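Here's a solo chain for you in structure tokens, the form predicted on its own.
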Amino acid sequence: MSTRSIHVFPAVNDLAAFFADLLSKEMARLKTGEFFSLALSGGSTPKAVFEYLSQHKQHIPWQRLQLFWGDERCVPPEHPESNYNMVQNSLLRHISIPSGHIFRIKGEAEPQAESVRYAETIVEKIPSVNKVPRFDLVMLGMGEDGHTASLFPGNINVGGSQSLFEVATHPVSGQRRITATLELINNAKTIVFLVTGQSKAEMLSRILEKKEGWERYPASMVKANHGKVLWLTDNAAASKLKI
């Protein structure tokens, strides 16, 4: 059984503080010898969250965290469009986390082979529930077009794949991406959407209030099978919600 909750904040910094507190409380439940698996997202709002975490790092037991990525652009790790590069600059360089706990998607590798390799890494490192690895927490963003991770509208064959990772193509730029599928995302214990800005208001309202056509957007297909989904938004993104 899954649950959904919506949290609206006056500013991104308040949203980031809530996420940091959530992560700290979730990790406090770890038993001796256990690690917490966190799948990261790219985007401006996650970046703000990472910057907040880097400034309040004393609240997180970094030694017990294992970091993965939900998607990656097919570019080298030093490329300005790399999700790994963004996390490296906004968070990793500021904290003490074992290098062996950082599992990046190799955007510079051949995409199809890398999607298979990364899926194998996930299977090896993360305990499975119902024969699918179960992340403790998955961070997601949402685009103005309703995409999430690198699952784009009209590319449902990728999102609905029974593989854990697939190669996707951005519908406008043609850039190739490696992305987690719904098979993996929806098995997580906790899924957190980070959605801010006025430009997201229309799509957020359409998906959360199930307006006409809402079910064709990838973000609407995220439903924790046996966990919870939290939508964290600011006032601007939530401006068209009837809550």
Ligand code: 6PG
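Since we're looking at a predicted model, the values are computed, not measured. Residue numbers here begin at 1 and follow the sequence given.
Although not depicted, the form predicted in complex with 6-phosphogluconic acid (6PG) is the subject of the following passage.
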In the predicted complex, do 43, 141 and 147 all put a heavy atom within 4.5 Å of 6-phosphogluconic acid (6PG)? yes
Quick one: which of 35 to 43, 56 to 64, 209 to 217, 181 to 189 gets within 4.5 Å of 6-phosphogluconic acid (6PG) in the predicted complex, going by heavy atoms? 35 to 43
Does any heavy atom of residue 114 come within 4.5 Å of a heavy atom of 6-phosphogluconic acid (6PG) in the predicted complex? no
Going by a heavy atom distance of 4.5 Å, is residue 71 a contact of 6-phosphogluconic acid (6PG) in the predicted complex? yes
From first to last in sequence, which residues of 83 to 113 have any non-hydrogen atom within 4.5 angstroms of 6-phosphogluconic acid (6PG) in the predicted complex? 83
